[in-house]
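Here's a solo chain for you in structure tokens, the form predicted alone.
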Amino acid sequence: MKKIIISAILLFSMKFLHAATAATQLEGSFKVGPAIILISILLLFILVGIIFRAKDTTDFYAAGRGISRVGSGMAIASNWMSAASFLGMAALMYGSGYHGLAFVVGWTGGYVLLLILMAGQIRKYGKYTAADFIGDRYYSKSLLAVGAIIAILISITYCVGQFAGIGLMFKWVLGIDYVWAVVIGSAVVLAYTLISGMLGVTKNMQIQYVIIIISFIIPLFILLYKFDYFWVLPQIGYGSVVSDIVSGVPLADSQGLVNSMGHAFAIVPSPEYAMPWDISTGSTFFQWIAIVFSLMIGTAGLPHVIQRFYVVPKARDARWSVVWGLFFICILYWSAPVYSAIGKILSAHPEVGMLNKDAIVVYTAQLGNIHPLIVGLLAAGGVSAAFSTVSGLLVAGASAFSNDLYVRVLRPNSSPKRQLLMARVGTVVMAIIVGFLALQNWALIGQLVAVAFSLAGVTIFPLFLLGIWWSGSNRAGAAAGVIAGMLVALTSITYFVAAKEGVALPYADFFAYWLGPWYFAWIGAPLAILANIIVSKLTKPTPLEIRKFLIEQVHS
């Protein structure tokens, strides 16, 4: 009996490994090994969510305010390293070369702004959500409601890219249609978020960070070693890969190095790959700077990022959590360009065809002939990245709906049980809207996410910046600033959606260039701040008790 069991196990293992190894098609095949890894990791997330599930609104909104500095830093990094970071950054650089680094610089620089300008002050103010702060600081229920609606819109916009990333990875692993992949992935992440709330989400984010980094880094060592580059530190070694792309790798110099499809490791010279702005790439100096600026201020205004400062015990912990978060983020950000560079050469052969840029991370690992189980772990890391961000976004949006709109504006006397129910209702509604928008497939993941940053940059960032650092900013000024910022945002997004749907609007080329959907905050934020200052100067000043609170509590 013992021999029969051992034989059966060996036979199953051989069949499993054969099936996993055979799953080398870039698209359209069910990949057994990657599917098992993905399902196992998703079950782990759900298990952690159940163990640390939210029992009340404090747990759901702010994780009981008991998360450590390092733990919060890992959660910030995990929450931040969305599908846009894990999949989208490599996609942007694969498609546009150095120009794509504008997204890396902007997203990283935004955390420096948060560290210097907001982290400690936000925690000292002591509110649960961004809208909560806006309503209290500007002493207006109307602005609280507006802030909540804006937070929900930002969360939905940000989630669209994440759902698209989840759909792509489910499509790649399961070999199913993109529509079904989005539906299945959306249902899983929704169920997980409803069960866990912020407490379970925060605990899961720490686990997700470890999975994200391990799955992202291991293939890089293998790829650079296999193709004879400096592999000890891939973040440095890939510089030689970029040089080879710029100068070209002749077929005679490929030295027998081939991708998984048998194509030689060769590429024609592509000097535009190392140019941040060039006519051949369709990008300009203005666009590069505008993207960096918009993403930086947008980072400092994202509701789900701001909300992470409420989960730590003290203001000092909030500042240190940003430092740790930035460190953990940089590990992945320094590594993402490696996939774009290696993928550029491995996919250069005409027989490979046009690959989906947003999936270039897993395609690069596949074309590099890395074992499918490791590629499966990489895909699972991409799903983990999307899950960690989506869950945080859904909680932030649900918090805005339940705590800010329902409790603070509509039903002030509702019970905690009722509040938690409304938070979950808000989560379901948001997920349905996001799933529908993700199916439209309007742009790359990184670009879709950048729209949310610009929206945050023209609305919430000015309110927090002036609300914390200038006591003269008042209710009327805040309203004027929001109106100015939203007018710019609505103009840009209207022209973007119209172009995607084939509707020709007047001056479309002008607005597409100067008010691009991923960087309209370059002009929207300064206009919002200017409108806030001017109107505040011309209207009734901020009440004395709010000025005293800012001096004695926030800036003490």
Partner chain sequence: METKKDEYHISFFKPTTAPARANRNLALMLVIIWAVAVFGFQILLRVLEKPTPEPTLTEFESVWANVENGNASVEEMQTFAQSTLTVLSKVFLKADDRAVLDNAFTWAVFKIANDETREELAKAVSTFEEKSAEITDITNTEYIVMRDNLSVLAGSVIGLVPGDIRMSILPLELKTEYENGYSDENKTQTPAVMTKYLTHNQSVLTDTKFLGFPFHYFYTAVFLLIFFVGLCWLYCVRTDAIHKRLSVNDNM
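Source: prediction; values computed, not measured. Numbering follows the first chain given and starts at 1.
The following text describes the form predicted in complex with the partner chain, which does not appear among the structures shown.
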With the partner left out here, check for me: in the predicted bound form, does some heavy atom of V268 sit within 4.5 Å of the partner chain? yes
Check whether M296 has any heavy atom within 4.5 Å of a heavy atom of the partner chain in the predicted bound form, and answer yes or no. yes
Closest heavy atom of F227 to the partner chain in the predicted bound form, within 4.5 Å or not? no
Is V104 one of the residues lying within 4.5 Å of the partner chain in the predicted bound form, judged by heavy atom distances? yes
Specify the contacting stretch among 166 to 174, 334 to 342, 368 to 376, 433 to 441, defined as having any heavy atom within 4.5 Å of the partner chain in the predicted bound form. 334 to 342
If you check in the predicted bound form, do S243, G472 and Q553 all have a non-hydrogen atom within 4.5 Å of the partner chain? yes
Under a 4.5 angstroms heavy atom criterion, identify the one residue in S96, S186, T157, N403 near the partner chain in the predicted bound form. S96
Position in contact with the partner chain when the complex is considered in the predicted bound form, options A181, I211, A145, L113, heavy atoms within 4.5 Å: L113
Taking only heavy atoms into account, state which residues of 220 to 244 are within 4.5 Å of the partner chain in the predicted bound form, ordered by sequence. Q235, I236, Y238, G239, S240, V242, S243
